[in-house]
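Single chain ahead, written as structure tokens, the form predicted alone.
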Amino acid sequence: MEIFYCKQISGGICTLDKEESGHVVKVLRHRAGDELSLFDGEGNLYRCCLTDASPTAAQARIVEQIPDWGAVPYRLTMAVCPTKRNERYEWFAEKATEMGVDAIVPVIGEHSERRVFKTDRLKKILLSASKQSLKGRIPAVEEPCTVREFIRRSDPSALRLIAWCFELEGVERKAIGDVLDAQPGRPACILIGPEGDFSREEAQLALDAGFIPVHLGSSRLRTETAALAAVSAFYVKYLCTSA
């Protein structure tokens, strides 16, 4: 199934940007009258008829709109510290998009080795992953913030989880699957730390704010693996069991 991205939609007409127009017209050689499937990144799929095969600004008339196309039955924000090697973070974000995630927030922890993170390249990767996995909504990529800032501004009505590797006196970390079984259906956010893990002060701040400490099994996982394992827990619970 060929899917093209279009964000300029008005009056029942979709106008593709130069890159997508070139792919439609020059590479795939579509002509006026051909059927196209477009999505807007906001959850809508459009069945269209190509009316103008311009290689720089192709236009298509909407025949049918399908809302909530490729939607997942949960709301999930992943707040993940950037990895030392950027390609590892990009790998996590791509695979998380394929399974289903609503937003990715790069958070900078006290032990983070990478303290500067640019989001432009990541947004392009998520667009491509949304196409590949037939998702109508492209995950939001928020601007980086500190772990402490994210904790302070997090929504207290959401299911807020945090995973770390160390032992904290008097604190029991629950298996993430058990937490999802006990509290299904709530919008959720998950905090995953850097290679050096969260500081104990960051962990305590999250606990004081109402975050639930969870573990992802007995293995010590890399940041990107832990983040993807958390997304997988949601995917398995809400999609694999009902497919």
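The first residue of the shown sequence is 1; numbering continues from there. If you're wondering where the values come from, they're calculated on a predicted model, not measured in any experiment.
The protein also exists as the form predicted in complex with a further copy of the same chain; that form is not presented, and the subsequent description refers to it.
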Is it the case in the predicted complex that 183, 187 and 189 each bring at least one heavy atom within 4.5 Å of a further copy of the same chain?
no
a further copy of the same chain contact at residue 95 in the predicted complex, heavy atom, 4.5 Å
yes
Taking heavy atoms and a 4.5 Å cut-off, does residue 86 contact a further copy of the same chain in the predicted complex?
no
State yes or no: in the predicted complex, is some non-hydrogen atom of residue 10 no more than 4.5 angstroms from a non-hydrogen atom of a further copy of the same chain?
no
Within 4.5 Å, heavy atoms only: does residue 196 come near a further copy of the same chain in the predicted complex?
no
Which among 25-33, 43-51, 60-68, 210-218 is in contact with a further copy of the same chain in the predicted complex, heavy atoms within 4.5 angstroms?
210-218
Though the partner is not shown here, which residues of 222-237 have a heavy atom within 4.5 Å of a further copy of the same chain in the predicted complex?
222, 224, 225, 228, 229, 232, 233, 235, 236
